[in-house]
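Just one chain follows, in the form predicted on its own, and it is written as structure tokens.
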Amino acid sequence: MIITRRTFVKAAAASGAALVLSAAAPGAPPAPVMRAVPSSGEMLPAVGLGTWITFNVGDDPVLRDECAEVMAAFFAAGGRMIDSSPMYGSSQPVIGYGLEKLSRPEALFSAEKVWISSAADGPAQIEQSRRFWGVPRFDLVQVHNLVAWETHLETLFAMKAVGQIRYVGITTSEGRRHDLFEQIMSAHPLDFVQLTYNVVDRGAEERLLPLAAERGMGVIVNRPFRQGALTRQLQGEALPDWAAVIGAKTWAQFILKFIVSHPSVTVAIPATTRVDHVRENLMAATGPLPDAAMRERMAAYVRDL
């Protein structure tokens, strides 16, 4: 579904949180909340799929098939964005294997990165990544952790101009280099930024999330569970009774609902090796989402545990 930028702005003003619910067929699982890409109006489900560590399974046929099953469940639940990087070991060819096994789902939104210190080798690395995935072009290519970012951004904007990619972005994680990240956001017409944000890592709220909204940039959230450490830490704690108000049945859903309810966030990309977890994650993008007051209550509850 494509909407005009003017239509998106009007819808955002009317809703306050710029949330759009897609219709689900009778008897089908609830459709995930959709968020608009600010630079185009294209709609994306608010929960995607990360592949850091989880898809780095080499040539093991059993583990590759398990990854393909995760991807199948992801698409069946309404997912679109899958994110990877050359940094992620064998994740790229494993994604390609899964896409081939699933007959290349049309819903796929491919989010990849360039990650190489030699800026001149950026185009070759992107092409190698494209061959691993087996896609005609990437929807989004991001400069991973700002490595050689100046020249890589020149490359990506040139590729976008001739239709070789659709969107351009940059990434950081774990709160690193926010000052430089902010400078790049202010100076360049990026479509997406990717950063770490969750119920305990809230540094991005100070400048980066407001700046993304001001500059019309989509926000992809990585490490929503702190690579699993946050959900493991909370595992022995009881969810508050009032979590039912926002439809959170597990800590993972509690955390994801906190993230995707922020009006500047476009997509959160939790990684998982389990079909039940990918379904649980997509369900977090359905039903009620917290407002600003509830988000503060959620953060305070986790902080006080």
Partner chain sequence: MSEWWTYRLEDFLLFSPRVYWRMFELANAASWPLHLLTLAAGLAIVLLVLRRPRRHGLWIALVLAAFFAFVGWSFLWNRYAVIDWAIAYVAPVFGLQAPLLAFGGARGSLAFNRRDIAGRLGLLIAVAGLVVYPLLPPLFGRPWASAEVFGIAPDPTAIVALGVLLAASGGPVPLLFAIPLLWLLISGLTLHAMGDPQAWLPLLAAATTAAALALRRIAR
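Positions refer to the first chain, counted from 1. The structure displayed is predicted, hence computed values, not measured ones.
The form predicted together with the partner chain exists for this protein as well; it is not shown, and the discussion that follows is about that form.
Taking non-hydrogen atoms only, residue 237 never approaches the partner chain to within 4.5 angstroms in the predicted bound form.
Although the partner is absent here, residue 87 lies within 4.5 Å of the partner chain in the predicted bound form, judged by heavy atoms. Taking the partner from the other structure, the partner chain in the predicted bound form has a heavy atom within 4.5 Å of a heavy atom of residue 174. In the predicted bound form, the partner chain lies farther than 4.5 Å from every heavy atom of residue 39. Looking at the partner chain in the predicted bound form, residues 60, 63 and 115 each place a heavy atom within 4.5 Å of it. With the partner chain omitted here, the record of contacts in the predicted bound form names 174-182 of 101-109, 174-182, 205-213, 132-140, defined by a heavy atom within 4.5 Å. Of the residues 43, 31, 68, 53, just one reaches the partner chain in the predicted bound form with a heavy atom at 4.5 Å or closer; this is 53. Site annotation in the predicted bound form: the residue of 145, 164, 125, 233 reaching within 4.5 Å of the partner chain with a heavy atom is 145.
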